[in-house]
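This document opens with one chain alone, in structure tokens, the form predicted alone.
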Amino acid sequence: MKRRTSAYSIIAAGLFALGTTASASAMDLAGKTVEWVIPFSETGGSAKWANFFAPLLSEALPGNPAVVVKFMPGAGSTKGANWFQQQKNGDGTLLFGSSGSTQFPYLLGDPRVRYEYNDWNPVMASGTGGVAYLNASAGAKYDGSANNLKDMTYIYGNQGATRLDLVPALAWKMLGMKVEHVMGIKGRGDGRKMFESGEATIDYQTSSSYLKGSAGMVKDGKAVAMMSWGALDGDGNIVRDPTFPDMPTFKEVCEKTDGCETSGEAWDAWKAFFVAGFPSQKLAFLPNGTSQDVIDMYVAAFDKIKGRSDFAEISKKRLGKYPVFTGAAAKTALGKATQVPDSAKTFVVGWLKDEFGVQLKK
């Protein structure tokens, strides 16, 4: 009996090893191209995020496939998300990048949305921050509050009322600032170009775009940093953004500005959408129907990227100092990014109707 058991064990071990080898071979992407689709233009923060991770992902995936970032802007990013919803290519050669501007239309019941986040497979999520800044003439009047800024009218390049731009738009409204919105720009990079040319007089960028394109204007005196949106501590409180520790948060500016309150309906709504839009802003997904083996391969690859000895340093320079989540943590991050209280939705839906004439279901 012992000999028979031993023989069976040997056979079973051999079959297990064969199966493992076959599985590993199936996961080899050598000679293939991974298309990472971003539903925005090539000038914004999502482009910088994907372009940062793409070469690292190529190195981390088995077989070192080429990872090519492709852009599919349109309809406030819903065009690309609706397209991705229809994709069934689960062989590991298609990846999709979502952002807060894709999450907000989903949260608000935008009629253009034909996608369902629960159908997708998140493999990585990362947070980011945002910085609002003024032109030099307005910046000269800025004292850490918006009290001296209320007698001016500002021009802002806005991607869309239901996109991530609702966070700065609502913040400026709460501060009592008069901002005229030029709607429909393709990406935040286009908003920065408007600011640089003088067509816009106030702007905001996510951290990666601010670090690369806007911080230089501040350094050269062509712009004045107003505030960051902040970050969350372990208890859910808004604290200073670790990438911009010397910059006041919107909460701090609001507290110093007459008429701006850090409690009540407006504040609760702003904070809810900030939480949904920034701490877990950018997510990478594999399409519906992808096998667990492929999902595990991507999670392992992003874990490998996170584990690089130089990752903290290179990501700080390009993206800022924010956490990266993988596997189960990425699913948790997705849950936080796609859920806000009904009271916050009701407030924002009403405000969007009053401010921009946008009709949405609650």
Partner chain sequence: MEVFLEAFPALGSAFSQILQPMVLGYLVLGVMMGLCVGVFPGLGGIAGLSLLLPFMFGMDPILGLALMIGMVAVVPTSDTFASVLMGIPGSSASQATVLDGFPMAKKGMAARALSAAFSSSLFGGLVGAAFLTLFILVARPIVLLFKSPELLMVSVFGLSMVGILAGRIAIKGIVAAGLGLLIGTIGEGPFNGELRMSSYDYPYLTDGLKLVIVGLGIFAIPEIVALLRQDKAISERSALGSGWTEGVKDWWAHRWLSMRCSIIGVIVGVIPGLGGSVVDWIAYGHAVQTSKDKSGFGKGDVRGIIGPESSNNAKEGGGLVPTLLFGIPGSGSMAVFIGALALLGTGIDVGPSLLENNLDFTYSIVWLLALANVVGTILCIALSGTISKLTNIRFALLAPFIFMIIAFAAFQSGQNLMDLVALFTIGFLGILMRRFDWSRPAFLIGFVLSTPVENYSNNANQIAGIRFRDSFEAGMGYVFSPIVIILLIITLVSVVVGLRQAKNILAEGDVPSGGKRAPLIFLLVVMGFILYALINTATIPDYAAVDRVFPVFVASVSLAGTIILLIQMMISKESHVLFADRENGSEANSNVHGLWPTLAWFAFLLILTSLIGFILALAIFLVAFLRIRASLEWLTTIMYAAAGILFMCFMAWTLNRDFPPGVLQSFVTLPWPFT
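Since we're looking at a predicted model, the values are computed, not measured. Numbering follows the first chain given and starts at 1.
Not pictured, yet referred to below: the form predicted together with its partner chain.
Peer 1: Does the trio 56, 68 and 356 actually contact its partner chain in the predicted bound form, every residue with a heavy atom within 4.5 Å?
Peer 2: Yes, the whole trio is in contact, each within 4.5 Å by some heavy atom.
Peer 1: Quick one: which of 186-194, 251-259, 288-296, 274-282 gets within 4.5 Å of its partner chain in the predicted bound form, going by heavy atoms?
Peer 2: That would be 186-194.
Peer 1: Would you mind picking the one in 74, 109, 242, 144 that has a heavy atom within 4.5 Å of its partner chain in the predicted bound form?
Peer 2: When its partner chain is considered in the predicted bound form, the option within 4.5 Å is 74.
Peer 1: Which of 268, 199, 91, 119 has a heavy atom within 4.5 Å of its partner chain in the predicted bound form?
Peer 2: Of the listed residues, the single hit is 199.
Peer 1: Hey, in the predicted bound form, does residue 51 get a heavy atom within 4.5 angstroms of its partner chain?
Peer 2: Yes.
Peer 1: If you check in the predicted bound form, is residue 182 within 4.5 Å of its partner chain, heavy atoms only?
Peer 2: Residue 182: yes, in contact with its partner chain in the predicted bound form.
Peer 1: Is residue 173 close to its partner chain in the predicted bound form, meaning a heavy atom pair under 4.5 Å apart or at it?
Peer 2: No, residue 173 sits far enough from its partner chain in the predicted bound form that none of its heavy atoms falls within 4.5 Å.
Peer 1: Using heavy atoms and a 4.5 Å limit, would one call residue 155 a contact residue for its partner chain in the predicted bound form?
Peer 2: Residue 155: contacts its partner chain in the predicted bound form.
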